[in-house]
Structure formats: structure tokens, C-alpha cells
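As C-alpha cells, one chain now follows by itself in the form predicted alone.
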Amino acid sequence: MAKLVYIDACVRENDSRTRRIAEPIIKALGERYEISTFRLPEMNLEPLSPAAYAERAVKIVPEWAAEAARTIAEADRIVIAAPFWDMSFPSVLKVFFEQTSLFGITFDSDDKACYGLCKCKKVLYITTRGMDIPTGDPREQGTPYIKALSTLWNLGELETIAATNMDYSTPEEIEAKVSGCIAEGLEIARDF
């Protein structure tokens, strides 16, 4: 069975509108993929410290990070659920990427350039934005960051599903946007 990694950076957990969109899509994908889930808010992740960076330089990394990086490198598909925070996504997602961006696992180098070691061909980024900021707007830096990381890790094509202006919509409008994104995601899931 093909492998899918689901990275859940929904800090508001069960109150997360982003997670509400992602869950039915993940459920549908579970019919075709073996899914490994990383629920980042539960992982107590910390950014690299000077000591951790020094250890990394001599190839000492936390076992959880090496195992997560191997799981990512072996995945056929990746789904990321992360709300729009501070023009990007929650810092816990950046910390996760920082901890799992490991030389010799997710990327390597030929002494001239870096290249990715991941076999993933498609990434789906699911997000909700409180403000009316569409994907591609210069104020939205989540999608560009994931695209950039995709070039380092060799992750393949990126698609973004985004519900926008959620903090300035009526409850009925919010529900319509959530439902619309779920429908869009389920359509993408058919060929994902």
C-alpha cells in the first residue's frame, strides 16, 4: 500500500476549522494510503538550540526526528493541515520542518548543490485564513515556504486549499466555506 504522511499543525486542535476541513479528506485518502500522522501540538517540539545544532553537526539527532524524517522520505504523498498565523503558519510547523530536515535522509549534497531524497510526488496544503488573503498574495508566506522546502526535499507538486476571510464571515458563511473546501479536497483526493 502506498504511504501518506499527514502533518497536523492545528494548534487549536478540535476547535480548528483547518482540522475540520482536513479530517474528511484524510479519511478518504485512508482508503488508498497507509497513513502516518504527526500531530505537532502534542509533540512538545523545540527549535534547534546551539547545543542541538552542534550535535547535529556530528550526526547526533533525536531519534524521533530521524524516524520522522525517514517516514517523510519514504512517503508517496504528504498532507499538511496548518492554519494561517502571522502571515504564514504556526511556528510548531517550522520547528518540525527544521528538526526533520536532515542531511542524508530528506536531502543530500554532491558538494556542488543540495538535492532532495524524498520520493513524494504530491503535497496537499490545507489552511484557513482569518483575513481575506488569497493564496499567492505577498502577505501569505505559508505556500511559498512549503514550495521552497519541496525543492530542497524533492516533494513534487504542491496544491493549496484555503478558506479565507474566516474571522469576518457569518457562521453560515464559515460553514459554506468549510464545506466548499472539503468538497474541493475530496475531489483532489480522487487523483492524489
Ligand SMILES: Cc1cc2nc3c(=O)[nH]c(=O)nc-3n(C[C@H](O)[C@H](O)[C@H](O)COP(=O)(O)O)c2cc1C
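Please read all numbers here as calculations on a predicted model, not as lab measurements. Residue numbers run from 1 along the displayed sequence.
Not pictured, yet referred to below: the form predicted together with the named molecule.
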{"query": "Residue among D167, E34, D137, E157 with a heavy atom within 4.5 Å of the named molecule in the model of the complex", "finding": "D167"}
{"query": "Contact flag, A148 vs the named molecule in the model of the complex, heavy atom cut 4.5 Å", "finding": "no"}
{"query": "Exercise: D15 in contact with the named molecule in the model of the complex, heavy atom 4.5 Å", "finding": "yes"}
{"query": "Contact test in the model of the complex: M87 vs the named molecule, heavy atoms, 4.5 Å", "finding": "yes"}
{"query": "L48: touches the named molecule in the model of the complex, heavy atom cutoff 4.5 angstroms", "finding": "no"}
{"query": "Which of 24-32, 48-56, 123-131, 64-72 sits within 4.5 Å of the named molecule in the model of the complex, heavy atom basis", "finding": "123-131"}
